[in-house]
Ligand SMILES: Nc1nc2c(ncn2[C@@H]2O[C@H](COP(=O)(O)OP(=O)(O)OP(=O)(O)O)[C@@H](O)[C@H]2O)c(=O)[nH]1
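Presented as structure tokens, the chain that follows is alone, the form predicted alone.
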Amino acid sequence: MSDTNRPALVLLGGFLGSGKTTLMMRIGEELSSRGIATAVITNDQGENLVDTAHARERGLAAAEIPGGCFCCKFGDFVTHLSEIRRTVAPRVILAEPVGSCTDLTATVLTPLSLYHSGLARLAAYIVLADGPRLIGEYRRMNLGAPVTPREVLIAHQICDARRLVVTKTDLLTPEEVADAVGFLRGLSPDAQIVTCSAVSGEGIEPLIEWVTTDDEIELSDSPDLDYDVYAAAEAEMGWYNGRATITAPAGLRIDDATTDLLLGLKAEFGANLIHGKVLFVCEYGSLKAGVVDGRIGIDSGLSSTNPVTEAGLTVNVRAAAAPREIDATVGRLIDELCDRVGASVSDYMHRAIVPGRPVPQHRIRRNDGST
């Protein structure tokens, strides 16, 4: 990495639950262990993000852009890039867009290259695809010739990037990994594809090479995208973000509480649960876990499982359900947890929304010069 004047900017895209945050943390910690200063920028349609709090708990400098995607809040994205560069002086900035966001080549990378090239060097645009979903749910979808709004969104995400990652390979057999790669190759024949597990560390090194390259990516034209269909895909999902303080005089086991909340989300929403995340922060550190496609996984554990009397809780839920339903369900699950352990809730801040129509500040497609 010879260009020390401009930090390397890496976008890690992919659909909700594809493992972006977990992989971003793993890459960030690996870079930091090698003496490469790293910062992250997280992004969401709402506030009170599990991802931002988790990054800071893991010792990474983190900025957050809430209330819209990078493309719709491009000015905020540029401002945060400038601020991070000034205050942290990282060599690498990892940016995680909203999981329902696509068209990033036209709406983020190309405008950055044209108007703000001095801020950062565009080192990589990487899109992640959930390995178990590739051989399961995604095979049952019509991603090769997408019809439904969600099919269009996921297919466009995959085809918008030239570097793809099959994630969560620790959950697959070698034959299933090969099947997932083959399926992804069929959708994007010219892309570079690697496989990795952020949990085991398998396949991390090629990603480190992508991130630390001295080269700058050559931007190609984005696939065409019908923004009416894109908006419909986002509108299918309700988004809930909330945080609270849990006080338990008799003691609260964070690992048990996390499992209870995730099992509750899984039971309440079933197949309509797209992604649920829980972060507890207490005197023993933090515990982050999530549920995707019915599978519960722990991203990081505590230094001790002893009961605590107070903990901070952050919950993010994305589900094919009305926002008021998600809001009421999460509130009830938290209340039921507290009732079981004799705890109380304070400082509870929560919001549930349906994302608005994506309206990027810039959309530049090179083949026709449109913006």
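Counting begins at 1, following the sequence as shown. Please read all numbers here as calculations on a predicted model, not as lab measurements.
Beyond what is shown, the protein has a form predicted in complex with the named molecule; the following relates to that form.
Asker: Name the residue from E205, D170, E137, D179 that puts a heavy atom within 4.5 Å of the named molecule in the predicted bound form.
Answerer: Selected residue: D170.
Asker: If you check A198, A161, M237, V92 against the named molecule in the predicted bound form, which one has a heavy atom within 4.5 Å?
Answerer: The residue in contact is A198.
Asker: Which single stretch, out of 78-86, 184-192, 245-253, 95-103, brings residue heavy atoms within 4.5 Å of the named molecule in the predicted bound form?
Answerer: The contacting stretch here is 95-103.
Asker: Is it the case that V292, even though its partner is missing from this view, gets within 4.5 Å of the named molecule in the predicted bound form, heavy atoms only?
Answerer: So V292 counts as contacting the named molecule.
Asker: Contact with the named molecule in the predicted bound form for D260, defined as at least one heavy atom pair within 4.5 Å: yes or no?
Answerer: The answer is no: D260 has no heavy atom within 4.5 Å of the named molecule.
Asker: Do L16 and the named molecule come within 4.5 Å of each other in the predicted bound form, heavy atoms counted?
Answerer: Output for L16 is yes: heavy atoms within 4.5 Å of the named molecule.
Asker: Is there a heavy atom of K73 lying 4.5 Å or less from a heavy atom of the named molecule in the predicted bound form?
Answerer: No, no contact at 4.5 Å.
Asker: For the heavy atom contacts within 4.5 Å of the named molecule in the predicted bound form, list the residues of 263-285 involved, in sequence order.
Answerer: Counting only heavy atoms within 4.5 Å of the named molecule in the predicted bound form, the contacting residues of 263-285 are H275, K277.
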